[in-house]
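Given as structure tokens, the chain that follows is alone and in the form predicted on its own.
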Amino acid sequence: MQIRLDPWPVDTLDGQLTLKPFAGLVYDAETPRWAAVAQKPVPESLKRVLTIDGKPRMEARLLVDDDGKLSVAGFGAYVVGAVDLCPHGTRQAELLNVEAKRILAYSDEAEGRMPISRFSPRNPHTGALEYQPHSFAGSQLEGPKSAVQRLMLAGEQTLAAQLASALPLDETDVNALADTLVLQDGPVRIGTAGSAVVGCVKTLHTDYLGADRIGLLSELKPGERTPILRFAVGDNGLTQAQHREQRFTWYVRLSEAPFYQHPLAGVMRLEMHAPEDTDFVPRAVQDIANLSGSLLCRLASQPHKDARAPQNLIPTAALEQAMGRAMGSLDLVTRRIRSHLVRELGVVA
């Protein structure tokens, strides 16, 4: 028996590795030969890489009393932004669209629509807070939090679709590689099909490989990848005609795993949307998979800089910090909320 360390800190939501078996079917898309694929250089034709991420936050839970009818609500905020960088290092990286949006999430069972809530500060340098009303279905306690999360995910999808190049689905076009590639933190979102968007899944919670293939992940060298596979989102063994959405996926090693960590430490799973045709991998997807090892090894973080290294990429960590600054101090925001409610209720503080 050997005990190995999961490298992710215990205060994160989940560990980096859990590996619950995938319930559906996974198909060989690139080749039936299950072996490491060597990394290839990032081509000069790729001019722009953007990392996209979002950050949600609940700022206060509310109870709405409308003439004796009670319902739950909440003040929340989210930020969706991007880091724009050159994959060849010829220009400085730039933050894009890092701006907080604040939401008053309320149950659709409440009577009438909630008004916009504007909190004017006593100190003019701290800025006004404006919460836009947004209803959610039902009256569950976690409804406001889920509403903010859904708005953030929709914002990520919209931004990714706006920034990424269109993705040709031709099998042989040698010029198919897009000039702008988007790295989406987490799985790709529904609605970004046909764009050069790659989902970067940091946590290995689902085993798409099975016991006979997963051993290859521990053998990969930094920059190497697995062959490309195909699976269906929500697949539970139904026929392919019944699947809701197809995706390509492959694994890349970003760094060697220290001997005291589990052997899959340093491995990231990538995914892209797949067309319904299962006979080939589009040349553009294969080109992106080929360059992914070289690109991600450049962007991988180090343990002394980030506890979620190497999967939490350097630009993603910088974006997380910028998004936190955009939302402001939670303590100060909740203090503003309390002061606002005191004034609204006509009570002298």
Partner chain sequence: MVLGTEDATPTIFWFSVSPGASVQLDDLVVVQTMKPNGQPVDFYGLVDNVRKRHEGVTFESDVEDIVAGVLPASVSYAARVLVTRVSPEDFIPPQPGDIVQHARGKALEMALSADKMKEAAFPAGLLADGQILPLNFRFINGESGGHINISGISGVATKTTYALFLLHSIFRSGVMDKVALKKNGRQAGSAGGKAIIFNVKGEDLLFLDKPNNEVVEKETEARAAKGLSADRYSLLGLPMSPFRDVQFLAPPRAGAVGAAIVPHVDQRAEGVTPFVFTLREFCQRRMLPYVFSDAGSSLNLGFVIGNIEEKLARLSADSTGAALLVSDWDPAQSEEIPDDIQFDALGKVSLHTFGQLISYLEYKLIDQNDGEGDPKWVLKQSPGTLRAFIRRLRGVQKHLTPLVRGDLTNQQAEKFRPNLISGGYQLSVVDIHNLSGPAQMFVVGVMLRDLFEYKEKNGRQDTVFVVLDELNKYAPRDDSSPIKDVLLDIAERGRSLGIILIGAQQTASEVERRIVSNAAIRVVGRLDLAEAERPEYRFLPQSFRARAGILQPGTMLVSQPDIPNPVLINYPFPAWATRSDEVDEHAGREVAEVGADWLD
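Since we're looking at a predicted model, the values are computed, not measured. Numbering follows the first chain given and starts at 1.
Just so you know, the form predicted in complex with the partner chain exists too; it's not on screen, but the next bit is about it.
- Judged by heavy atoms within 4.5 Å of the partner chain in the predicted bound form, the contact stretch among the candidates 86-94, 114-122, 252-260, 186-194 is 86-94.
- The partner is absent here, but in the predicted bound form a heavy atom of Ala318, alone among Ala318, Ala35, Leu70, Ala38, sits within 4.5 Å of the partner chain.
- Of the residues Val26, Val42, Ala60, Ile314, just one reaches the partner chain in the predicted bound form with a heavy atom at 4.5 Å or closer; this is Ile314.
- Interface residue remark: Arg298 is counted as part of the site for the partner chain in the predicted bound form, having a heavy atom within 4.5 Å.
- Although the partner is absent from this view, Arg325 contacts the partner chain in the predicted bound form, with a non-hydrogen atom inside 4.5 angstroms.
- When the partner chain is considered in the predicted bound form, Lys47 lies well away from it, no heavy atom lying within 4.5 Å.
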